[in-house]
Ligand SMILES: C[S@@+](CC[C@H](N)C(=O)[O-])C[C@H]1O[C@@H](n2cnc3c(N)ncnc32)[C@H](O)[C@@H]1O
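Starting off, we have a lone chain in the form predicted alone, written out as structure tokens.
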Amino acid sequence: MPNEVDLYDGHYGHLDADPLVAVRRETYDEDLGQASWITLAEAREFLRALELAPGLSALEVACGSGGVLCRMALETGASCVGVDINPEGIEAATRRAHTLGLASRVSFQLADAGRSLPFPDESFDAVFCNDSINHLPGRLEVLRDWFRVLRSGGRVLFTDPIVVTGQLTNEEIRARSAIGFFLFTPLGCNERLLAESGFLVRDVRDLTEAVASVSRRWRDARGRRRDALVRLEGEQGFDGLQRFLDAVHTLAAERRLSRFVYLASKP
């Protein structure tokens, strides 16, 4: 069944279009090509938690257009690899790495992260996944594969923006998952699955306010550019994404769907 709202193909396909650049600049503290809830300030917190440094290697699962991973490489000196299922996202990420002069230690591969990752055991010192684990089926198998590709002592950090912390109607669930496959996860489930996968859970923090804030700014910035975006996306596409952002904001602001960050390590 096709997605009701085409977020990712439209986003990556028109990444450098003036209206979308203007929306990102107004939504985030810095334009990294985001189509999620992460800001640069938050990304820097995550990088500190992953303890990356020159000589170490990191994998980003569902890297999108590569903005966060390139920033990771620039600020930590680590060698970085990103994987994503969207070909246009990988093409945009590869262009970004070349433009920034990072091609010698940043690379991107097309891969379905819902399946076994195309890397040998113990390939990385860190695994990072921002606002995307909810798109991957088989959470336990995914975490076990991340455990496999991590070296001993390595760290994993992921955010899950679809943790159920209140009551939801069927229409709210439909609106919130209009952009594709979503896995809605009960509170406490991620900690249990991390432990079952062999990880030591180090930290869990509530970041729901970021979703409420970013989704509001994103929706409002798009609304101020309606005519330009309708020409780019079509009226149905524009209105569908606005409804999606409305649902995201409402459920986060009312704390019925929450976003948590999880930090764990491999013994």
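Residue indices: 1-based, along the sequence shown. Just so you know, these numbers come straight off a predicted model, no measurement behind them.
Beyond the structure shown, there is the form predicted in complex with this ligand, which is absent from this document and is the topic of what follows.
> Considering non-hydrogen atoms and a 4.5 Å limit, does this ligand approach residue 194 in the model of the complex?
Judged by the heavy-atom cut-off of 4.5 Å, residue 194 is well away from this ligand in the model of the complex.
> Please tell me whether any heavy atom belonging to residue 8 falls inside 4.5 Å of a heavy atom of this ligand, as the geometry stands in the model of the complex.
Within the cut-off, so yes.
> Although the partner isn't part of this model, could you tell me whether residue 34 comes within 4.5 Å of this ligand in the model of the complex, counting any heavy atom of the residue?
Close contact exists here: in the model of the complex, residue 34 approaches this ligand to within 4.5 Å, heavy atoms only.
> Do residue 131 and this ligand come within 4.5 Å of each other in the model of the complex, heavy atoms counted?
Result yes; residue 131 sits at the interface with this ligand in the model of the complex.
> So this ligand isn't shown here. In the model of the complex, which residue out of 62, 58, 211, 70 has a non-hydrogen atom within 4.5 Å of it?
Spelling it out, the residue with a heavy atom inside the cut-off is 62.
> Out of 163, 81, 113, 149, which one falls within 4.5 Å of this ligand in the model of the complex, going by heavy atoms?
Selected option: 113.
> If we take heavy atoms and a 4.5 Å cut-off, which stretch out of 134 to 142, 185 to 193, 150 to 158, 71 to 79 is in contact with this ligand in the model of the complex?
Of the stretches listed, the one contacting the partner is 134 to 142.
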